[in-house]
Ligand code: HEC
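Starting off, we have a lone chain in the form predicted alone, written out as structure tokens.
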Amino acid sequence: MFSKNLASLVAITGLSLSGLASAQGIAGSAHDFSGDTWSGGEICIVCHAAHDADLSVAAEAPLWNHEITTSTFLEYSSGTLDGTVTDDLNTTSKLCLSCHDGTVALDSFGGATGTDFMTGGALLSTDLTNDHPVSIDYNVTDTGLFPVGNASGLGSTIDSDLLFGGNVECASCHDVHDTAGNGALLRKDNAGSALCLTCHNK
């Protein structure tokens, strides 16, 4: 009985510490809204909630708490693009765009309709024609891309963890929790185009 209780305590402590590590990454980052009055001084609650969360997007974002955009997007297109781009984005990227498209307020969470909308350089709008395509298949037959493997950044394969259902999404390049501490919430420092060259073989 004691060992079972001890195991439970260790598991709970581990979850608490992993959550703390994420919060420490977000603290002070562009996703730290704790200084805004509408956040109630909290960091996580803008996107996640322990109770009454939206469980329909649990695979993409556990315990989701923010209103999700219903916008239709215009995406980048080019005659040299080998992948298929559609204007119907996957939920993984729509979660990001639920603030960044400017149609849903930052403070539209917990069932409330907010009034504080994204502004400045972080506002992408619904016209993504000058942005990297998202919700696009990572075309492993494209000779301009590294194949999928488990050695991200070594110049031969990309880590499959950068893809979501085999697709490139916003989170392929950006880490919403800012665990790496790079500017613009990038997963990897882009000095010398290092982030770009993680996938692009040219």
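Predicted model, so just to flag it, every value in this text is computed and none were measured. Residue indices: 1-based, along the sequence shown.
There is another form of the same protein, the form predicted in complex with the named molecule; it is not shown, and what comes next is about it.
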If we define contact as a non-hydrogen atom of the residue within 4.5 angstroms of the partner, is T103 a contact of the named molecule in the model of the complex? no
4.5 Å heavy atom contact, D52 and the named molecule in the model of the complex: no
Does the 4.5 Å heavy atom contact test between G83 and the named molecule in the model of the complex come out positive? yes
Contact test in the model of the complex: A112 vs the named molecule, heavy atoms, 4.5 Å: no
Stretch 179-197 - residues with a heavy atom within 4.5 Å of the named molecule in the model of the complex: A184, L185, L186, R187, N190, L195, C196
